[in-house]
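In C-alpha cells, the next block holds one chain alone, the form predicted alone.
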Amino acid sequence: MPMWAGRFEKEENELTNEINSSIKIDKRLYKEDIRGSIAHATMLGECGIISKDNSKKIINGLKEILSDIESGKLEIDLSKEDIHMFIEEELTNRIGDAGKMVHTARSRNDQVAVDIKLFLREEIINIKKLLIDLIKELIKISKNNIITIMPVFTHMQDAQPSTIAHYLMAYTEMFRRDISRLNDTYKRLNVNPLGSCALAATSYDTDRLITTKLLEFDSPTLNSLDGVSDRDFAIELLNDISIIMMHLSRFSEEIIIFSSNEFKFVELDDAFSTGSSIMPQKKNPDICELIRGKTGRVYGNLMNLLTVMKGLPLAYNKDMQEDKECLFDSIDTVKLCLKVIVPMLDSIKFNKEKMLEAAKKGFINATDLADYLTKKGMPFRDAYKLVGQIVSYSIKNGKSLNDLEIEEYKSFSNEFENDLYDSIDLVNIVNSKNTIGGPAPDTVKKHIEIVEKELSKI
C-alpha cells in the first residue's frame, strides 16, 4: 500500500503503479538516500523535534540497512515505489514507530533533490579522475614524440607540418576545459535543498545549516520553491558530459581515419579492434566507432531533460522523475568511454615514417615558402599568389617544393636563393614555430610542464 493511501478510496491501478514506480532506476541512490536521512535525523534530534533517543535509533537503523545492502544480506525490493520508500519501510520494520519519524519536516521532493545532488557530486569527481588519466596518457605519448613530424589538416586537406606531440596536446586543452566545466557545475550544484520540504519549507524549528555541514554542501538553497524544482545542475552536467563525448568523438573519428589504409598513420592493438564475420582481412576500429556512436545517445539525454523541464510550472512535477535515467545513462557512458580510450591509446602504434612521407607530399611547406619571400620584402599577398603558381607548376611536373631546382625557383622570382631550402625543410619549419601555442619542441615542452603542474594541484 502506498504511503499516500489514506487520501484515496480505490486501490492503485496496476498500470498506474507500473508507470509511477521508479525503483528500478533510482535504486542506485540507496547510499545517498541513507546518508541524507542520517543527516536529517541528526538535525531533528539536535533541534529537539524528535528525541535524541529516537534520532539515534533511526541513525543506527539506517547504518545497518546500508551495511546489509552492501553485503548482499538485504536485497532491494523492486516492487516498492521508489528507493526512498523502500528504505523508510525497511527502517520502520526494524526499529518500529521511531522509523516513521524520519520523514518529519521533510518531503520526498527535497529528499530526492538532495539524493541526486549527493550522487552527482561524487560522479563529477569520478569523471574528473578519468579525464586526468586520459590527459596523463596523452602527455606520456607526447613526451615520446616531441619531434615526430606529421601533417595537420584543415578541411581534411594537407595544411602545415606539426608533430604528434603538438597534435595530441591540442586534445589535452579540450579535456582541461572539460575539467574546468565540471568544476563550475560542482560549485553551482553544491547547495543543500534539504529542508525545502514539498515546496514551502516547514513550520518545524529546523536548522538547515546542520544538514548542510553534515552533507558537506557549501550553503543551503535560499528559496524552497527553487530548491525542489531546480534541475539546472543536472542539465548542466549533461551538457558537460555531452561536450566531453564530443571531444572523445572527434578524437575517435581521427583515429578511425588515421588507421585506414589510405592513411596508415596509426595501428590499433588487436585487443582494441574487432574483425569481420565475412572478410578475414579486416581489422575494424570498433571501439572508436562505438564512442562516436554513443555520443549521439548522450546528446539525446541532454535534449531529453531540457525538453522535460521546458514547460514545467513551479514547483515539483512528476515529469522530473525522468531526470535520473538520462543522467545515469550519460554518466555510465562517458565513464566507460574514458576508461577504454586510455589503454587503447597506450597500446596504439604510430607509423612515423608514413606520417613523414605524407608530410613531404602535400605542399604543407607552401605557407613557409611565402613567408620566405615576405621576409625579403615582398608583400604577403604577392608572395601568396606567386607560391600558388609554383605549387601548380610542381603538380604539373610531379615534384614537391623540395625537389625543385634553384633555377626553377628563379624563373618565378630572383628573390629566391639557396637558403630557401632551409626555410622549407619540415623540421626547420616546426622548430621555427616557437611562439606560445606553436609546435616547436621547446614550446610543446613548456605546454606539457604547465599542464602537469596544473594536474598536480587537482
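Please read these numbers as outputs of a predicted model, since none were measured by experiment. Start at 1 with the first residue shown and count on from there.
Omitted from view is the form predicted in complex with a small molecule, to which the following refers.
None of the heavy atoms of His166 is located within 4.5 Å of the small molecule in the predicted bound form.
Heavy atoms of Asn145 never reach within 4.5 Å of the small molecule in the predicted bound form, leaving it off the interface.
Residue contact check for Thr443: none of its heavy atoms lie within 4.5 Å of the small molecule in the predicted bound form. Although the partner is absent here, Asp82 is a contact residue: one of its heavy atoms lies within 4.5 angstroms of the small molecule in the predicted bound form. Within 4.5 Å of the small molecule in the predicted bound form, a heavy atom is found for all three of Asn109, Val112 and Gln321. Only one of 423-431, 391-399, 37-45, 22-30 places residue heavy atoms within 4.5 angstroms of the small molecule in the predicted bound form, namely 22-30. Contact with the small molecule in the predicted bound form, defined as a heavy atom within 4.5 Å, holds for exactly one of Phe119, Phe265, Phe363, Tyr316, namely Tyr316.
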